[in-house]
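Below, in structure tokens: the form predicted on its own, a single chain.
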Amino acid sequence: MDKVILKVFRGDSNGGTEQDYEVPTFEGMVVLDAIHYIQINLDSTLACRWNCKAAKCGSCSAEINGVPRLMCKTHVSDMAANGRPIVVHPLKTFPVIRDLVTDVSWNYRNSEKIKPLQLAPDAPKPLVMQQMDVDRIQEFRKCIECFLCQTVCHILRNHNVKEQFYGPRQLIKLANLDMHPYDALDRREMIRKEAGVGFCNITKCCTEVCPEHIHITDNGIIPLKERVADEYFDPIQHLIRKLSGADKKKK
């Protein structure tokens, strides 16, 4: 394969169209290489976001052949099988600023609402943790905030309930804190109401697109759902709290 056709979205928040570019290929070429070739040789006005080109910054997220991916990690040879063109569009879930650049600031605004780790007054210093606790939350800290999980989530993508649901990325941030053995805050009320964990119907599409292979659904969201269910919907737990007076103490 000497050349490949890229159909790249060109436009802004008012709309746009696909534009075709013919790009020469080389062994190991990724889609971000092709976009850079277009910018340097064919059209310097094409806008895209990128930084490290090592799949660690999460900046170059795009929808390639209809699937959210990192452009720097997606090989041209895989996408252009049988001579078909490669279709590159911006992330669908977020407003387009220009071409392949989208406004993902909504994610950061939600992140700011989540209080950081709050250590209990009697927490040991330095902190001593079991390895199993370290391993559990360390997985969540691998997130590079590419927001592929956010854009593939059909609750956000198709139903646009951004006022009621934080999405997989922020639920993983909450899981990282809620499962920390020394976090003193009870975050279940926020997880249930503001973050809207109940909206997730665990299709695992977020896990499938995660470039860091975080088990978002199984290790993060489902345990959060279980914690919320134990607190608010388990009749036995409710009876125990009522008999022990725990509900009155919480008030």
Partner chain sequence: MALNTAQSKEAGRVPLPINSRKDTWWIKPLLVFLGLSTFGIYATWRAFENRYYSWGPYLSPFYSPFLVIHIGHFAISPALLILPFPLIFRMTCYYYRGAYYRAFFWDPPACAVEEPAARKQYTGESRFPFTIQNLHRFAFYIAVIFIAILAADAIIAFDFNGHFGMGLGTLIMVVNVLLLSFYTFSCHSFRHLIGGALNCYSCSRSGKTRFRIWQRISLANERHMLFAWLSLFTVGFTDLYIRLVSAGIIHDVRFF
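A quick note: this is a predicted structure, and the numbers were derived from the prediction, not measured. Residue numbers count along the first chain shown, from 1.
There is also a form predicted together with the partner chain; it is not shown, and the following applies to it.
Is there a non-hydrogen atom of K225 within 4.5 angstroms of a non-hydrogen atom of the partner chain in the model of the complex? So K225 counts as contacting the partner chain.
Any of the heavy atoms of P168 lying within 4.5 Å of the partner chain in the model of the complex? Answer no; every heavy atom of P168 is more than 4.5 Å from the partner chain in the model of the complex.
Is there any non-hydrogen atom of F199 lying within 4.5 Å of the partner chain in the model of the complex? F199 belongs to the contact set for the partner chain.
Consider K173 of the chain shown here, and say whether it contacts the partner chain in the model of the complex, taking contact as heavy atoms within 4.5 Å. Close contact is absent here: in the model of the complex, K173 is far from the partner chain, nothing within 4.5 Å, heavy atoms only.
Would all three of L42, I86 and E212 be in contact with the partner chain in the model of the complex, where contact means some heavy atom lies within 4.5 Å? Spot residues vs the partner chain: no contact at all.
Output the sequence-ordered list of residues from 178-211 with at least one heavy atom within 4.5 Å of the partner chain in the model of the complex. Sequence-ordered list: D178, M179, H180, P181, Y182, G198, F199, C200, N201, I202, T203, K204, C205, E208.
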